[in-house]
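Subsequent text provides structure tokens for two forms of one protein chain, presented individually as structure 1 and structure 2.
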Structure 1
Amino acid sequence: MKHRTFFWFFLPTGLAMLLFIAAPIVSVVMQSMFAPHEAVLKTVENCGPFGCQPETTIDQEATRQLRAEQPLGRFVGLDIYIDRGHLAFSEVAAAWRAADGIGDFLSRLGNLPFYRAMAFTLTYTFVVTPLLIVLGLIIALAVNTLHRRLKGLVIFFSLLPMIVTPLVGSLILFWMIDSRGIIGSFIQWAANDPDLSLKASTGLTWIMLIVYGIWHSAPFAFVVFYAGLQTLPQDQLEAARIDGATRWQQVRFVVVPHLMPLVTFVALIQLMDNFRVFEPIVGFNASAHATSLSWIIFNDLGGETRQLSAASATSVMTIIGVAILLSPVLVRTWRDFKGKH
């Protein structure tokens, strides 16, 4: 295909991505380095019956003019990144000096919004991902032994938690684990504690969100592994059987190595997806106990005061986080490409 033809074919989609993905990224980076203008102050002599006094007021006209001329705000460099709402360098340093011991330091860090969100985001990402892979693998192995007719039905129901809108899915679970809902009542009964509420404690809220995350993403792992199981090398399995491998040994030494590339694939995709955890926090109304980077952005942007600069700074840091998680994928794709050419 000639360069010219390629250009015209690719133009619409390229333009869409350039205008609505690439440009916003640039604009987010810019905005994160500008803070809103402070009001312009002017001092006037206010003369009354008891003599003249200087009085400072906001110069509405000048402020409006300044904001209209430079809608981005004033340049502050990286100040927003290190303020209290983000990396909070001075607060961290103060906590480090004041803390006695690592535990105390970490609990002080937990009071800073960025580190609080980071703690949950990372815990969620690195707990949910391995667990969902294990669960997906077990489901795939179990479904693979079923009769052909049953398989379709099981796959249908298994897809539901993944296909359903994340907000809706988390709401459905949230209502069930409400202290008056069926799972909530059951847990109260099982723990023999009528006042137990999953929503009230930080630890239980985290567990609840993690369980939701596994429930939501395990079907993806299941479907991918199940497809992988259809291409199992039968001769290898047979050879292993002839050598006297037990069922467990066959799984351990033939099936799992065969699925290993898929495990890597699912892990990489899910690490990135889980890192942006957001809807369940809204659905479970859990922001008092667990926040994530995406939730902070959403919270800053919503409401009456849209804090664009603060949200932009968090966005940039989220993008950096995703980029770190993405780098192994890129390396892999690059190697594949090198191999092909």
Structure 2
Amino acid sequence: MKHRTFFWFFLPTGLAMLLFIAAPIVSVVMQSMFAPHEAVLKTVENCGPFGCQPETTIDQEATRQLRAEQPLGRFVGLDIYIDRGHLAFSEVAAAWRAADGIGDFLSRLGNLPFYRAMAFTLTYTFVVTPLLIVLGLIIALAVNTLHRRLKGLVIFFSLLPMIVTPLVGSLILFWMIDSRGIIGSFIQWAANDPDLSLKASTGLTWIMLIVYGIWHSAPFAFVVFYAGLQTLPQDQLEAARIDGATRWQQVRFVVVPHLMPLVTFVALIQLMDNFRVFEPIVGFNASAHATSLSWIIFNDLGGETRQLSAASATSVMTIIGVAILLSPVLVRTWRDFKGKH
């Protein structure tokens, strides 16, 4: 393809990427380095029958003028990134000095909102992603062995968790695990503890959110792997059977290597999605026991204060976190691509 032809072919995509990806990222980075202006105060003499007393009030006109002249706010550089609501360098150093050991230090870090959210986000990401890949592969292998008349029905029911909106799905499961719901009542009966509640325990809440994440995302992996199984060379499987390979050996040495590019693809997509976990926390009303980076952004943008700078700083760190998580997979993909050429 000629360079001129390629330029006009790529131009619409490039402009869309600049407009909808690059520009918002630059805007968020800029906003994260500016804090809202403080109110301009003025002191006036308030005189009465018993004398004059100084009184400090907000100069509304001067405050509006300052905000109009500098709409982004006052420049603070990286101060927002290191305040108590984010990386909290001073608080982390103080916790390290006061801690009796690693366990105590990690416990103290759990009192800081950013590190508490990061702990759940990383746990959710690194537990849900591999388990949903394994579960999706198992479902794909099982469905692929069914009779063709049953495949359509089984595929339909397998896709239901992905069809349901994440927020709606989490709300449904939230009602089911309530003490009056079918799952909550069964757990209380099985544990012989009428006061047991999944919502009252941090550990059980994390497990509940992780189980939901696997249940909701596994159908995506299943669809991708099932499509990949349709391209599996049958001669390789036949040769493996002739050589006496067991079912497990066929999957390990023939099926899995064939599906590895799809495994990489699913891992990339799910790492990004799971690191931005948000809907389950809202749907389960689990913010008292589990928060994520996306939930912090939502919380900063909500209410009357609307801490845009704090939300922007968290957004930038979320982007950096996603890039760090994806870098090993992208590097491996690039090496495999270079090796084939």
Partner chain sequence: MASKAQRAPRSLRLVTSGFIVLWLLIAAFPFVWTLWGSFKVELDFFSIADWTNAITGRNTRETHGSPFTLAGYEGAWVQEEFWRAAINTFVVCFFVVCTSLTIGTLGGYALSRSGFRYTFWLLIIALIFRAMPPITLVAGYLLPFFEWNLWGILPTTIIVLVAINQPFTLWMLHSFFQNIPKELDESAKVDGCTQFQAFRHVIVPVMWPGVITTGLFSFLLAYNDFAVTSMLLSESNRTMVPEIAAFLGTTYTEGNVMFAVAAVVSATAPLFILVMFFQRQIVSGLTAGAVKG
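These numbers were taken from a predicted model, which means no experiment stands behind them. Numbering for residues begins at 1 and runs along the sequence of structure 1. Definition used throughout: the rigid core is the maximal C-alpha set that superposes within 1.5 Å between two forms.
As for origin, structure 2 is the form predicted alone and structure 1 is not.
Put the two forms on the same core and the Cα of Leu325 is off by 2 Å or more between the two structures. Shown is the Cα shift of Phe20 between the two structures after rigid core superposition, which amounts to 4.5 Å.
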